[in-house]
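Just the one chain here, the form predicted on its own, laid out as C-alpha cells.
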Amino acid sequence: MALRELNSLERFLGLKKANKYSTQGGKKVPVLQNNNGPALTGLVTIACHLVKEAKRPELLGDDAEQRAVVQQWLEHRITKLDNCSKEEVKVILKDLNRYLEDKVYLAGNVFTLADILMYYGIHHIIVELAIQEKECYLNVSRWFDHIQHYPGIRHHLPPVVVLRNRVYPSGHH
C-alpha cells in the first residue's frame, strides 16, 4: 500500500524520474534507494523527501506552527491510523470529525502533505462505511470528499460516494 501511495505522491508532485522502492520487515516499511546518499526508510520520511525534491515546501507548512501541525498529523497517520483495530477506527473517526469542525484541511485552511497521506491512509476505512455511518462523521466525509477531488491526488484509489444526495419533499425548495 505504501509503495502505491509514494508513486501517487510522485505523480502529484510532478516528479519525472521514478524512484526505486523496496520494503523491509513484516510491516513492509517502504525504503527509497537513494543514489545521492543512504537509503531512506519510512513512509513519512520518504514523502517529506519527495516534497522537498519537488520544491514544494508549502506542502510541509508555511510557518513553524503549521509545520508542527503537519508533522503531528503525519505521525498520527503512522502511529494511530495504520494497523488500527475496528474499535479504534470509531474513536479515530470521532476525534477527526471533531477536529475538522472548523477546518477545511488538517492544517487549517491550507492543503498539505498531511491531507494527502491521511487521505491515502483513511481511504480503505471510508470505503467500508455505509452511507449512514458516513453521515455520522459529516466533517470527515466533507474533508475526504474535498481531498479525493483535489487535482492529481486520487491516482491509485477508486472514487468513493461519500454522502447521498438529499431529496427534499415538494414545497421545501
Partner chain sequence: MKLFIGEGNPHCLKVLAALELSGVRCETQLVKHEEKVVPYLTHPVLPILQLPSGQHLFSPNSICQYLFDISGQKATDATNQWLEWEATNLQPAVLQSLQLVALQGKRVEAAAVMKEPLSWLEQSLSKRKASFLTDEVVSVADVVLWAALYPLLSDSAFEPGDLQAVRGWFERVCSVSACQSAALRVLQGKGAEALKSFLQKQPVTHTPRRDSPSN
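Residue numbers count along the first chain shown, from 1. Just so you know, these numbers come straight off a predicted model, no measurement behind them.
As for the form predicted together with its partner chain, it is not shown, yet the points below apply to it.
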In the predicted complex, the residue from 54, 127, 138, 39 that sits within 4.5 Å of its partner chain by heavy atoms | 39
Which one of 145, 58, 65, 133 is close to its partner chain in the predicted complex, taking close to mean a heavy atom within 4.5 Å?
-> 65
Spell out, yes or no, whether the shortest heavy atom distance between residue 78 and its partner chain in the predicted complex is within 4.5 Å.
-> yes
Classify residue 22 as contacting or not contacting its partner chain in the predicted complex by the rule of any non-hydrogen atom within 4.5 angstroms, answering yes or no.
-> no
Looking at the partner-bound form in the predicted complex, is residue 89 within 4.5 Å of its partner chain by any heavy atom?
-> no
State yes or no: in the predicted complex, is some non-hydrogen atom of residue 45 no more than 4.5 angstroms from a non-hydrogen atom of its partner chain?
-> yes
Select from 88 to 112 the residues with a non-hydrogen atom within 4.5 Å of its partner chain in the predicted complex and write them out in sequence order.
-> 91, 94, 95, 98, 99, 103
